[in-house]
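One chain comes next, on its own, written out as structure tokens in the form predicted on its own.
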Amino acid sequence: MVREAVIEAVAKVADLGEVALDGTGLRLRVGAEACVRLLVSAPARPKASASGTHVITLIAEETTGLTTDQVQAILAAVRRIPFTTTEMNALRGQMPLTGELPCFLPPGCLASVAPVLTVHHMTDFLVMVDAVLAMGVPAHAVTVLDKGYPYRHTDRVDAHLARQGVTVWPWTDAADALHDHTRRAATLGLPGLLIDDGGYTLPVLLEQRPDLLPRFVGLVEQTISGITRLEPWEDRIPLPIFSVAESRLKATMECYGIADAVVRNLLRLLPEEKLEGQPALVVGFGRIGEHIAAVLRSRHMRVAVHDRQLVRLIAAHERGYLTGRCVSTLLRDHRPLIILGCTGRTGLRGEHAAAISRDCYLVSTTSRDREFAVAELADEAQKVTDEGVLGTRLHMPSGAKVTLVGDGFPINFHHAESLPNMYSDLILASLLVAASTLATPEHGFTAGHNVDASNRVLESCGLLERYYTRFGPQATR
């Protein structure tokens, strides 16, 4: 089955001729003279991989008659193979709350809306999309915005969605995507519903396409950064918002997992660095920042904290962290090896560069590249170099090398799956509970934020009971 999937993928981008099996694998003739060899084998260290794992190797043996772009297209096609039935069954097993949600909610509970999904393109997202379809939404009524992060499996996720018939747009074309979505939804007689992770859609409607706002029934927002992006409109938001972002459920269940993923990915990217005993600076002591500070301290780092809100700064001080109201002073005196941005805003700007006197790493933990004013910092540098997967390095006049890990984008998504699927299961299921609520005409939510109502729904819908049954003291997994 794996071989057939590869052959099908290559045939979509190249003129495929004879396919022959010999002693070392399949030999695929491409065009008149070129050929590639396909090998499907077990991992070199089977015990280090999940049972049933295969390694696919595609070798361009002879490229005569092919351009470089054609060779790259053939290789890229293999990276875009949709997930197999076996893989999807494994993913559903990791996410029973989301995968089984259609059995617990009323049949067809999303059939009255056309969702726009702007959620990270990781493997857990595929289980979420399957659930949306099972709740009564036809695939051609779904639009997905690809946030463009370099996730571990992003190409395969996109290919899987395309095979299902789901429309995928890049997030940079959000205005056109929303226009296209409302056009398709109108032919089905359905209003749109926004399900967002990071404030990608409603701000676009408010700024660029207010004419489309009446065609949407509401917004489900997953992240605080998405809520923050709506601040300029204050009480002028015309749609009801179901705020999973501000819910007690999300605050209780997710924050430590994100903090742990941030540090684990940092260790993976910096295998030669010794963190123990080194200074670190956490900018932003909110839900994520306080957990990151604790994880770093548990690794025996000397942690300092800055937050613009005095109540949070006092909270950090009371927990024994070094604190300060001035970022530049902390940079100069504490001399952190690692600076973590956890504010959801821009916490480090060009004006702070002069206070950095040692080699260090800038690490973002929130949406996109907002944590650091990358352009301003680059303007302060004498030279900027590309460090590959690690990110971008700024060579400062002081001699310090400042590395923007992941180019300033969130490290927990950088060529990784971030949270284990068992962690994200509850949150993605919560998003769908929220969506089914706003799809109900008499939902009782008003225009703007509905934090209290969101908490009531999430804490009474049965998700927490199912989660506790699965992971509580009587768990029988």
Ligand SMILES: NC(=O)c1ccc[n+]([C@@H]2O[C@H](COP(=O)([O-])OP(=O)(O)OC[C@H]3O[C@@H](n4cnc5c(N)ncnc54)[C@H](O)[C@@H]3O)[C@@H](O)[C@H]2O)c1
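Start at 1 with the first residue shown and count on from there. Given the structure is predicted, the values throughout are model-derived calculations rather than measurements.
What comes next is about the form predicted in complex with the named molecule, which does not appear here.
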item: In the predicted complex, Ser424 touching the named molecule (heavy atom, 4.5 Å); value: no
item: Any non-hydrogen atom of Thr366 within 4.5 angstroms of the named molecule in the predicted complex; value: yes
item: Phe285, heavy atom within 4.5 angstroms of the named molecule in the predicted complex; value: yes
item: 4.5 Å heavy atom contact, Ile258 and the named molecule in the predicted complex; value: yes
item: Heavy atom within 4.5 Å of the named molecule in the predicted complex - residue from Gln94, Thr346, Ser112, Gln164; value: Thr346
item: Of Lys250, Arg229, His121, His160, the one that lies within 4.5 Å of the named molecule in the predicted complex (heavy atoms); value: Lys250
item: Which of 295 to 303, 170 to 178, 375 to 383, 337 to 345 lines the interface with the named molecule in the predicted complex (heavy atom within 4.5 Å); value: 337 to 345
item: Any residue of 288 to 317 that, in the predicted complex, places a heavy atom within 4.5 Å of the named molecule; value: Ile288, Gly289, His306, Asp307, Arg308, Gln309, Arg312
